[in-house]
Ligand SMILES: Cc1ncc(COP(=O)(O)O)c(C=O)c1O
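Before any questions on binding or motion, here is one chain by itself as structure tokens, the form predicted alone.
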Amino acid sequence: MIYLDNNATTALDPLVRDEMLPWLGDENYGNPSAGYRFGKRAREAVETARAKVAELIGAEPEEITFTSGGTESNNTALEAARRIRPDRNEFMISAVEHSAIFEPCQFYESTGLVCRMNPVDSYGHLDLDFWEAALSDKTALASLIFANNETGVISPVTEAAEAAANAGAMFHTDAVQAVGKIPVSVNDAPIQMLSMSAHKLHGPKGVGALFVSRNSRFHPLLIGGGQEDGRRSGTENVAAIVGFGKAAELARADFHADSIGKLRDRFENGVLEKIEGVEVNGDRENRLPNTSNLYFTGVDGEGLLILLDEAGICCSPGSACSTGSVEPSRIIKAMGFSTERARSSVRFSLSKFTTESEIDEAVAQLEKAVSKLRVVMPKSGSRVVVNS
């Protein structure tokens, strides 16, 4: 298997697994909220992990609240802002947010809250003039994705956060795809909240975190047991949190951005050289070093995924959360492209475990698959099912 879908999830680093194992056995299963020594050992492990996650983004440990992942962190940020600022009834987001922001905002609109959608251009760049003009004394929260999960395009978070601060609005960034891949610091901009997820940086699934600035008010989404200093009730998943801490420690030591970026360019340049009619979606410079989103003209993306899967290559049409959906990529369409282009675009995302030989084999298999599909694709551009 050649795994090129690391924006969906990453392999658990063996060093992370080894760190987690003692907390999955029969010696360290204490509840971290317990007052006796058995529980205090678990509490110490959680707090050590909290410090490591905080260091990764330049935060203080008390500013990190552990959650079940990016979706919960994003939903918590939105709900906190809504409750803290009931005098303001507007949210500001971009048109290329992850579904964990986009869909809750759609729900809030059904309750009477206004959600302003900031457009992007064909490169995935935010319209900062629109952003600044649309912010007002009615804006409760402005939320901007740090790096897009489909194209990898990096947003102007600093400028957007400063504009939000000038309007008196809270600012949140969904940094799930950015943290652990590129340097991210909460000290570079007036960020009140920031979302993370461990399984995007070779940590375990089912654990994430929400940074909440110590200078910000907050309202929890989950209430009941008072864990996480009252910010997220529910018994902490100690083993997963320990794994998150180790993954954060490893990422902070080396993002592998240069080596991954060179492999991504090797893949992308190989595809562009060997296959005609291929275009890159999004800004090729200002993006994550591991992400390549390609448009194959005259090729049905679903059929391409089937052939690549048969060849042992894993990639995706976009967000893993939308796999199985018949709808074309919302992100590609938001960039002003056609439904046909959205259906014919595929995301490839690498990790520190990707090798040169895998990249070269993926290019060769991709060339074969595209050639086969262009032979069987009707001129009308209608979708086809490829039978193995």
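Everything numeric here is computed off the predicted structure, so don't read it as measured data. Just count from 1 along the sequence shown to find any residue number.
We do not show the form predicted together with this ligand, though everything after this point is about it.
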Partner-free chain; cross-checking this ligand in the model of the complex, the single residue of Arg231, Arg88, Arg287, His199 with a heavy atom within 4.5 Å is His199
Only one of Ile145, Leu78, Ala142, Ile241 has a non-hydrogen atom within 4.5 angstroms of this ligand in the model of the complex; which is it? Ile145
Go through 248-256, 163-171, 107-115, 145-153 and give me the stretch that gets within 4.5 Å of this ligand in the model of the complex, heavy atoms only. 145-153
Quick one: is Val176 in contact with this ligand in the model of the complex, heavy atoms, 4.5 Å cut-off? yes
Is there a non-hydrogen atom of Thr71 within 4.5 angstroms of a non-hydrogen atom of this ligand in the model of the complex? yes
Contact of Arg264 with this ligand in the model of the complex (heavy atom, 4.5 Å): no
So in the model of the complex, is this ligand close enough to Arg82 to count as touching (4.5 Å, heavy atoms)? no
